[in-house]
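Listed next as structure tokens is one chain, alone, in the form predicted alone.
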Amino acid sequence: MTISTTTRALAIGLTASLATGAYAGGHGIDLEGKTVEWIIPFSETGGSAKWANFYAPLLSEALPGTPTVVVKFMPGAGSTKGANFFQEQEYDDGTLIFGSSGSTQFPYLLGDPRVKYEYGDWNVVLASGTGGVAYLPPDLAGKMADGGVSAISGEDFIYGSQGATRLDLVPLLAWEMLGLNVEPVFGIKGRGDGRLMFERGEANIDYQTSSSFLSGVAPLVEAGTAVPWFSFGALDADGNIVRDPTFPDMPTFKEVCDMTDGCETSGTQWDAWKAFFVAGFPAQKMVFLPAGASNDAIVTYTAAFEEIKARADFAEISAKRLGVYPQMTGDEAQVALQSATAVPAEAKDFVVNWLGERYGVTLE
């Protein structure tokens, strides 16, 4: 893609203003007897799968006519395969939705040539914040407990990765800032596959988004085969990185960086890391209707997700499956979409240069 970040932001902003007006003017659609297909562009083992499978039955109950909601996994090319497929679809009857993630947003932000999709064409109806947790095998965590990060700086780490231009760039850059030698094995289809590599001993460092950590890694922690290291953190109202509300007892990457010689929490590298963290996590997962969606359809799905959020038991059931994060609809979802699909030019330039120098990735 050759569209500039500024042009993208303007296009998405225009879409947001039109969609916001639509919420007040639509009358809804009836989905009785129909099946809603929810495309997830990853494998069935990762955080996006956990997120979609959590919401799918609730969405079925909340939509008019209680349609069947089926999650369809379409992994490939780090999620761009599924996103490109969705871009080609036109709105029909409200029975097709798409679940995006940070690993879909980053190739878009970086101008990856495989990207054929345009967020400004889609219609967001839910934006879900999340977090991420890095963890280690107990032997390496034990060394670090005695001597800090410097005690493992000489280790050779293997990490299962979806790709350097995906959400994985956030942990990869973080580990490099800490002075670790981490070699990614590219090509896995979802973060759950990276966790499986860790479980089999094929990788000795990993991270998972919160939903996948809670369901897939917490049992490993209880069994003593994995040790949490740090979370990426969350943002407060002033945009500062603070402890993740789902993991309040866990230090943030910023805290670990502050305590590590050679790791700086100011300057160009830090600004780039934080910019992509902000783009990738506070609004990491989003639900979209395709291009051309009617006002009635946007109203229907927005109202359904608002009804889900208003359930008396939602805070309890979502905390167990997704963590404690904002679930945004309406104007909040539009603002989240804009923050997730634009980064400062300086941050993009730094990351593009880093990807080329570190991994030989060219984005032309």
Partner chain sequence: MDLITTALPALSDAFAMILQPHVIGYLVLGVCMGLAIGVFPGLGGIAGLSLLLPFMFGMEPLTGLALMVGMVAVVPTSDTFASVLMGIPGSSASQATVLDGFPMAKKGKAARALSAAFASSLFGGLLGAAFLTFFILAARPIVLLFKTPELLMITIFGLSMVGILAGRVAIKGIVAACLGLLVGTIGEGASAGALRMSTYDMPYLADGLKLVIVGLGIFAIPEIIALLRQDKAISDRAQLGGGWLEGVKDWWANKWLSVRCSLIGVMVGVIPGLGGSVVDWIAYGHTVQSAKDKENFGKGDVRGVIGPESSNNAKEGGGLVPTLLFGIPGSGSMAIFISGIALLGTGSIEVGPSMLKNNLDFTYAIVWLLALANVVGTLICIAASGGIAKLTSIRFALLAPFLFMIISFAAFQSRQDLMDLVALFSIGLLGILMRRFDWSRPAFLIGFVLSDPAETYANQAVQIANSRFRKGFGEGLEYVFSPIVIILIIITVTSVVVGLRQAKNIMAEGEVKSGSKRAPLIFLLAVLGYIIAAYWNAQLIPDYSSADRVFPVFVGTIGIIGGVILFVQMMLKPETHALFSDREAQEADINIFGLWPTLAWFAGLLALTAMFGFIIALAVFLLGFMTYRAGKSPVFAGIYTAAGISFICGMAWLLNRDFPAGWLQTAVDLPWPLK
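Everything quoted here is computed from the prediction, not taken from an experiment. Residue numbers count along the first chain shown, from 1.
There is another form of the same protein, the form predicted in complex with its partner chain; it is not shown, and what comes next is about it.
Across the options 219-227, 247-255, 232-240, 120-128, residues that bring heavy atoms within 4.5 Å of its partner chain in the predicted bound form belong to 219-227. Proximity of N295 to its partner chain in the predicted bound form falls outside the 4.5 Å heavy atom cutoff. In the predicted bound form, V133 stays away from its partner chain, with no heavy atom inside 4.5 Å. Its partner chain in the predicted bound form comes within 4.5 Å of a heavy atom belonging to E37.
Taking the partner from the other structure, its partner chain in the predicted bound form has a heavy atom within 4.5 Å of a heavy atom of I158.
Each of I188, E202 and I317 places at least one heavy atom within 4.5 Å of its partner chain in the predicted bound form.
This chain appears without its partner; in the predicted bound form, the one residue of G76, G142, G179, G148 with a heavy atom within 4.5 Å of its partner chain is G76. This chain appears without its partner; in the predicted bound form, the one residue of A291, V278, C263, M197 with a heavy atom within 4.5 Å of its partner chain is M197.
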